[in-house]
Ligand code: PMV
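Take a look at this single chain in structure tokens; it is the form predicted on its own.
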């Protein structure tokens, strides 16, 4: 069984588009694929959770992704059935398409007894991401492949701090991989079940910025200070300060008009239920909110569930695979 990791943005979404650093974290949860006994002379993908069966000859992005990965295998094809299982919701800002890409690539490589390094897997996963998103940033597939924690920024505007273990060039940014935390830490993910479109939200912020850069540049710049500070708070176990910064980042994202009533209500309910901090993650407009209450995740989930929210616990901060 092969896994691609889901991801969250802890700090700096939208600000990263303007060169400021963001802090991305792999979840211990993601998408897994496993090979089943072949039932036909084809690659067949079974996604039982949504009662979906796809072959590489079908229409749609999932079939295109399957076809692309199969074409890139440097050997004669051994067809198989592939069972897919997701531990994270789709279209919710958690990097599901990248996690799918990585899990699929690893599965077919193993089935064909091919050894690839993480860089090769990541490069092909980026091509798969392009099928789903057109011009992806490269962040999601990198986190899905390598795991762990990383700072992401424009290398021309933001030099990586000295404590970055190693770096990897992305199409638009540079990813600086960070040392793992002493112990993984829990995050509660709250689902709004509201779809959103990343490109529209990014375009909306750009329109605001172009209309009044004097107003919006300080917002982006302030968010740009959170990524490094947030990582230092986690390393030093300064969890109260980390929670406060989550709240500050959410407020700034509200000022960028990328939150929505569902996210703001989830934020309010999370704090009322005892979270030390919470914020939307990803582009906004729907998707998910992350809440932070170390050591009390179960109680937080129980209380939020009473209020009607669908939520789950994940952990971040573990070194999940070899860095570049």
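Positions refer to the first chain, counted from 1. Every value quoted in this text rests on a predicted model; they were computed, and no experiment measured them.
Note that the form predicted together with the named molecule isn't included here; everything after this is about it.
Using a 4.5 Å heavy atom cut-off, which stretch among 275-283, 26-34, 42-50, 293-301 contacts the named molecule in the predicted complex?
One stretch meets the cut-off, namely 275-283.
For residue 147, is any heavy atom within 4.5 Å of the named molecule in the predicted complex, or not?
Taking the distances in the predicted complex, the answer for residue 147 is no, it never comes within 4.5 Å of the named molecule.
Non-hydrogen atom contact residue 313 with the named molecule in the predicted complex at 4.5 angstroms:
Because no heavy atom of residue 313 falls inside 4.5 Å of the named molecule in the predicted complex, the answer is no.
Whether residue 202 contacts the named molecule in the predicted complex should be assessed with a 4.5 Å heavy atom distance threshold; does it?
Close contact exists here: in the predicted complex, residue 202 approaches the named molecule to within 4.5 Å, heavy atoms only.
Can any non-hydrogen atom of residue 137 be found within 4.5 angstroms of the named molecule in the predicted complex?
Yes.
Please tell me which of 225, 198, 167, 120 lies within 4.5 Å of the named molecule in the predicted complex, judged by heavy atoms.
None of the others qualify; the residue that does is 198.
Is any part of 1-17 within 4.5 angstroms of the named molecule in the predicted complex by a non-hydrogen atom, and which residues would that be?
Going through 1-17 in order - heavy atoms within 4.5 Å of the named molecule in the predicted complex - the hits are 7, 9, 13, 14, 16, 17.
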